[in-house]
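First, one chain by itself in structure tokens, the form predicted alone.
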Amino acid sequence: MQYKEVLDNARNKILNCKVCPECNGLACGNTLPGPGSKAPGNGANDNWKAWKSIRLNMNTFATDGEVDTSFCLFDKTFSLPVMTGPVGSMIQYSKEDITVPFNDGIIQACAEEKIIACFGDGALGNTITGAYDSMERYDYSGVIPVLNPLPNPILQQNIEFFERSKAFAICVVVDSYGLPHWKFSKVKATSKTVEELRYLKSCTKKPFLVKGIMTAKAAEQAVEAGADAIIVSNHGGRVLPETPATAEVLPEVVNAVKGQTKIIVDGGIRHGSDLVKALALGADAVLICRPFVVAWFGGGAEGVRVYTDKLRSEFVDAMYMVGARKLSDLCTEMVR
């Protein structure tokens, strides 16, 4: 299966999404599929444009050899510094909620490609149990549940549930309580303090990630709470209008906490060249969401593998042409 075929198939199946050749937030504007966005502005396009504004410095004066894209996180080695983005509910893409089979396909493909799969806790109870079953089915531990900031007793219960799973880490997303749909939910998401996050971290022996970091201060607070990794994210620009793009704030976050915690970044990352930019600026890995959704609609687990292989090919080529042969070679002098 070719990537063009994946896109063509997805256009006939997915709702709301236009399946653009380049997912940049323009065709769907500020009404991206998902649990609502906040106007004014188009944060998704801002994220995408910020990465495009960064250029790669070509320098082929380097020792020849194979490019090694292997990536280690919490003592586990993966083939790429890439994580699939969590999707709490797929109801916006289909006439019925297909979150469980979506997560199953993502986990299957990630197990085969040896990359990290993330999934959301979702609005329905079977989302969590379905992902648990998929981890068992494919005997894969390279999986991270990304949990909404629900009231602490519920969040603690979910953390303890995954403590018994194959998942190698657990993440709490701290910005999603700003999504409009929580106003109409029976169970309300809430903000979290440093102390609350520190307590939630104590509920698991697994590495603990915090997603939704957009300032150096927030990064420092997450480190204070004990975060083993942070995810620089503005939730696709959907939780607060006029936020900066993730690429804009990544350098200040790196300057504040590099070496104290692992740094992952998301938002508008689409190609292997974007991976080079993110890692050259100091990120340890990237998280990509919507293209993986499209890939699954276009070909199930095979579609996800096709997109992953496309990323890998682009990443290897871009690394080679900036003079990097391994991830640790990537540095700020390779971008402008």
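Here the structure is a predicted model, which is why all the values come from computation and not from measurement. Counting begins at 1, following the sequence as shown.
Here the subject shifts to the form predicted together with a small molecule, a form of this protein not shown in this document.
- With the small molecule omitted here, the record of contacts in the predicted complex names 227-235 of 227-235, 105-113, 199-207, 158-166, defined by a heavy atom within 4.5 Å.
- Shown without its partner, this chain lists I288, A285, A280, V294 as candidates; in the predicted complex, only I288 has a non-hydrogen atom within 4.5 angstroms of the small molecule.
- Not displayed here, the small molecule is approached by R270 to within 4.5 Å at the level of heavy atoms in the predicted complex.
- The small molecule is not shown here, and in the predicted complex it never comes within 4.5 Å of any heavy atom of A245.
- Using a 4.5 Å cutoff between non-hydrogen atoms, Q92 counts as a contact of the small molecule in the predicted complex.
- Interface residue remark: P81 is not counted as part of the site for the small molecule in the predicted complex, having no heavy atom within 4.5 Å.
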